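Heads up, the chain below is alone and in the form predicted on its own; it's given as structure tokens.
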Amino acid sequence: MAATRIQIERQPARHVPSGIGIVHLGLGAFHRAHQAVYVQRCLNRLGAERGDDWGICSANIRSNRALVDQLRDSDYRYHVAEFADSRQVTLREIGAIREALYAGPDGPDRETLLARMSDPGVRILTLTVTEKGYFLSPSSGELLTDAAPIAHDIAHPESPDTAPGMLVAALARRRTAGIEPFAVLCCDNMPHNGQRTRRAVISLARHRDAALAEWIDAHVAFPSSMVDRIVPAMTDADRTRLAELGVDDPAAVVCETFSQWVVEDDFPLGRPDWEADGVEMVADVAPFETMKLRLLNGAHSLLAYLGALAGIETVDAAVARPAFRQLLQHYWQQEAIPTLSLPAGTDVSAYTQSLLARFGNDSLRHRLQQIAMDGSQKLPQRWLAGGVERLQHGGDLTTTTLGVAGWIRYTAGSDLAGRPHPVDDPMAETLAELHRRHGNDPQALVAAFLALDAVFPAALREDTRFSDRVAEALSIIESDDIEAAIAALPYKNPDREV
């Protein structure tokens, strides 16, 4: 086997002081492998004097205090290993994070975080808290005021538990002190993520103070963004692999080489000149985010549920099978692409072929179980919104209905061979109860799932064509193996006009 080619990028010794201009909520692997890398490029380019305004304070507000401690112990430095394949890796040392806080339940740094968010030097607030972290109904987009964490924030606005609650509390402090508000940049996989974040924050603010809600609506910018980089959850095998490359770093992250960030340019207090570091600054991010959600994330979800049911562990193992590649090609060409208004100059065929190459990167070992998490929150934007459009125009939904059937079967908690798997979803208890009630009747089970108005839009729930196709697909899944179910689908000619 050829020797691994390693490119190493290290940072100079830390300079002081370390200015912080960005606060980030959600100190997870994706933030460290994506946004922090772009900020590091900016700091490297600008140098100590001009770049010091844009250091990051990153906070976890739900879990993982250990990561905060690890970063503190390493002087806030960690490594990102970018694998082009199993034999080519670029190691980057990242020092863009200047402060790490744990503000989870009973965390010691909650007041420190709110004070930092209220600092006039902080001009941008970014978030990667996953779709469920905004407590919005996946189908309607309304704030889930009955959710226990949101109910807590309504009752205790000065001691919030949620990301929207943190934003409301910090913005209230800035308003009282006469400090201009920071821009709020959502970096989660949601359509119109800036608008959705705005809705969550303003809706929660109304419960505290109507005048505060009006001030936020009038003065706070919520630009949308599209983020793209495959960042698997770290495993012991990844840590062993990095140790063989000389990296002993508990906060290290493994990811692919590819990275993209598209951001709406709306930052009243200023921003780094990110475009010099590869960020695409645009007036409207919607075409980019819809393309990514439906083509990349939608395909990922198909592989996650159907592959997991077939006993496949990773994305690369799934796309290595001809049946799954056929499934993705049909989904892209016949169901997803016809719903898109593509960004100017997009070669969508080249884009989908690049996705196949990225999915096939066997150095990442991207687990399907990781992608399968929180399906009730993800599917409305990945499949269902496009499905509504296809039904309205009489279009094909062959793979979408198979995917929905696969998700329903996946939430039973075992694959087709009976091997158990966890169902990590905010609605897991509800989904399990539906299986207990209707697990022996596929038609009734599908009807019960489609009746979940928090997930399925009315246009799909009430269309018998959709429900009948999902029930048929579920029956095929239960009676055959997954690849047989894929082969049994009534594929249309891929060259035929839709």
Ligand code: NAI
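Residue numbers here begin at 1 and follow the sequence given. Every value quoted in this text rests on a predicted model; they were computed, and no experiment measured them.
What comes next is about the form predicted in complex with the named molecule, which does not appear here.
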query	finding
Option from 37-45, 459-467, 437-445, 58-66 whose residues, in the model of the complex, bring a heavy atom within 4.5 Å of the named molecule	58-66
Selected contact from 130, 333, 118, 290, since only one has a non-hydrogen atom within 4.5 angstroms of the named molecule in the model of the complex	130
Selected contact from 308, 97, 227, 402, since only one has a non-hydrogen atom within 4.5 angstroms of the named molecule in the model of the complex	227
Distance check, residue 189 to the named molecule in the model of the complex, heavy atom within 4.5 Å	yes
Residue 242: touches the named molecule in the model of the complex, heavy atom cutoff 4.5 angstroms	no
Partner proximity in the model of the complex: residue 231 to the named molecule, non-hydrogen atom cutoff 4.5 Å	yes
Non-hydrogen atom contact residue 30 with the named molecule in the model of the complex at 4.5 angstroms	yes
